[in-house]
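A lone chain, given as structure tokens: the form predicted on its own.
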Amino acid sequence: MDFTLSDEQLMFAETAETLFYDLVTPEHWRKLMESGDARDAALWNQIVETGLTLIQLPEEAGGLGLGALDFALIAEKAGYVALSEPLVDSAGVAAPMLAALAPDDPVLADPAASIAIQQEEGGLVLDADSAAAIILRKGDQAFVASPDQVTLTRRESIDPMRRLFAVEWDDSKVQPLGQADWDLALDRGAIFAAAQGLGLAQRAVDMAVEYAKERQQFGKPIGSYQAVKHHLSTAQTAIEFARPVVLAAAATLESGDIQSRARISHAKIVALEAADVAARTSIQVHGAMGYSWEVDVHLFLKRALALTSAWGTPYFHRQRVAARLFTQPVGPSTTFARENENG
């Protein structure tokens, strides 16, 4: 299987990188946290103008009709800056589901409209208050509502930039969408969470490296000491081993079989573990100040912890990997097997 990224994929990733790195700064995070605003309107408008909200939408719904791998590259860049705007879950998961179930829904005609989605029946909904539409779940059925048709109650997250809400709703007062492919939604959510994990991990390492170059002890930078180098190299190695797993899983997401889902689960486990290791290592390199509110690395650890439990817990994903290992052929020749070919 050829995982070489195309020029178009690299172009989209570079566009997102330039946009996010210039505008999503520590000042941006703190402004949102202090104001309590759901998003920065100017930043969101630029995200929309760049076309990032349309990547996963089919062409018949006005989108670009690109695949999961294309969007995973964007999600990684979003993770690198700990983006708080509702791009990933809205454009990566909710919008494709709504397009599949109700392609004529007027919300899809507005690229600036974000869509929130309930990951599991009765579960909390991310960014529900600022969404133009909320996709809700009851059994295998999906429903869509506007925020004013439901009752939202804010719930705290370990990540201060994630806005979670409990939703009370009456299915007779919202629009039914019919039976939905919730497994596909979970797979999309999991792989894009994994991609964000790669970005979080790399940013945490980069922050630690920059600090280790500047902070001096005994007359020389702490980065010159082997103990610091070893910790950072361990974190970077975890990232490099996780990245091809994430790209492979994203490239085969649409297969929807036991093999592809095991790859997605594997990707989510290793990418978020890499993010956890990298963030904790970065905090340790920063020393006591790494635990303070003023040093931004704690935000990356909190986002990693939040994403670890989003779109399937580690236990859930280990169970999916185990199902693949114990029920399907294993070995180098079946690494990228398909169920209908190697059942």
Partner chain sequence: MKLGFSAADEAFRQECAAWLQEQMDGPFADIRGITNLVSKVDRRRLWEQQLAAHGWSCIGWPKAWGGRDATLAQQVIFAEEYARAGAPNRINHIGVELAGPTILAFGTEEQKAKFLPGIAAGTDIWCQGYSEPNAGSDLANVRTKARLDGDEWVVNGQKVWTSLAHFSDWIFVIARSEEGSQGPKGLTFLMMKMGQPGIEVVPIGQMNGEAEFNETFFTDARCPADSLIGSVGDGWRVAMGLLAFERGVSTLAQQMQFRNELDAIIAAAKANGMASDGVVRSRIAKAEVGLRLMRYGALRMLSNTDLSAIDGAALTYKIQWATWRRDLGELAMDVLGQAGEVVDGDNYHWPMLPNMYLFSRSDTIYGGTNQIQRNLIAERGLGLPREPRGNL
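Residue numbers count along the first chain shown, from 1. Predicted, not measured: the structure shown is a model, and the values here were computed from it.
What comes next is about the form predicted in complex with its partner chain, which is not displayed.
For the three residues 156, 276 and 310, a heavy atom within 4.5 Å of its partner chain turns up in the predicted bound form in every case.
Note on the partner interface in the predicted bound form: the residue among 55, 47, 283, 69 having a heavy atom within 4.5 angstroms of its partner chain is 283. Checking 179, 217, 146, 151 against its partner chain in the predicted bound form, a heavy atom within 4.5 Å turns up for just one residue: 217. Judged by heavy atoms within 4.5 Å of its partner chain in the predicted bound form, the contact stretch among the candidates 191-199, 227-235, 86-94, 110-118 is 227-235. When its partner chain is considered in the predicted bound form, residue 137 lies well away from it, no heavy atom lying within 4.5 Å. Remark: residue 42 does not count among the residues lining its partner chain in the predicted bound form, judged by a heavy atom distance of 4.5 Å or less. Using a 4.5 angstroms limit between non-hydrogen atoms, residue 30 is distant from its partner chain in the predicted bound form. In the predicted bound form, no heavy atom of residue 60 sits within 4.5 Å of its partner chain. Counting a residue when any of its non-hydrogen atoms is within 4.5 Å of its partner chain in the predicted bound form, the hits in 284-310 run 284, 287, 288, 289, 290, 291, 292, 293, 294, 298, 301, 302, 305, 306, 309, 310.
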